[in-house]
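The chain below stands alone and is given in structure tokens; this is the form predicted alone.
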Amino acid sequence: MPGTNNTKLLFYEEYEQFYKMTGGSKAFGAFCRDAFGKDFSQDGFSDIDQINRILKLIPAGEDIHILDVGCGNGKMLGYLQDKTGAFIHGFDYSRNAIEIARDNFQTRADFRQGNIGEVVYPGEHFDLVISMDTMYFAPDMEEFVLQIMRWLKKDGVLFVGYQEGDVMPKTDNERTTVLANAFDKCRIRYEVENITRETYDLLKRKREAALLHKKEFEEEGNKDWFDMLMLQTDCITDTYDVFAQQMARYIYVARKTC
């Protein structure tokens, strides 16, 4: 990325390798379908039920524009476009991810490589902005929330999948997170749903799916990625009560009202 030292970007090299791997791994595609219900090359918690929540927020019409912040290789946006016909936009700091997205989605689509705080769009341009596990990368959460609100049309919606206990510190509840504090300081009203239990169950499915496809990962030479999946899901060897003391996951929805 021009003007950026990639070595200082959180998880940059890991994601470059991740999207390189997903482009050719049949095992990972099968894993995603079993764990998430759909292959969006997920590295997190965006299962088909969460994505279908987004569909309910997309208005009908011919001039609908959706932005995905941290869009990866664009598969989730492609699914939303198939369902609604919307014009899809996405940006991600991973060069490999954006190259794949541009190759796969060329109609009514705009994909850019860049970082939060550097990529700029016109005001009042989007009906919906999605951020699935990417708000953590904002150098200034309040400023980025305000920037997104400027990008949204009147009555446009921001949909955020937000996790605590790994990249972000665990706070008391959904009203005390860094994101919730940013909404409050910016006087932005929001709704929030606690999906921690749902996430615990999803992690169980991820672990079961990884074990199911262990042999395929090994035959592809991708055992390192299988090992990573096992490490990511090791937390579900604890009971849910122990898990919920350390981790939490929420969905935030904020609407631009003026």
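Counting begins at 1, following the sequence as shown. Predicted model only: the values in this text are computed from it and were never measured.
Keep in mind the form predicted together with a small molecule is missing from the figure; the text below concerns it.
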Judged by heavy atoms and a 4.5 Å cut-off, are Ile54, Phe87 and Met149 together in contact with the small molecule in the predicted bound form? no
Which among 78-86, 184-192, 151-159, 107-115 is in contact with the small molecule in the predicted bound form, heavy atoms within 4.5 angstroms? 107-115
So, Phe126 and the small molecule: in the predicted bound form, are they within 4.5 Å at any heavy atom pair? no
Would Glu164 show up as a contact with the small molecule in the predicted bound form if we use heavy atoms at 4.5 Å? no
Can Ser94 be called a contact residue for the small molecule in the predicted bound form at 4.5 Å between heavy atoms? yes
Residue contact check: Met132 to the small molecule in the predicted bound form, 4.5 Å heavy atom: yes
So the small molecule isn't shown here. In the predicted bound form, which residue out of Glu220, Asp43, Glu198, Asp39 has a non-hydrogen atom within 4.5 Å of it? Asp43
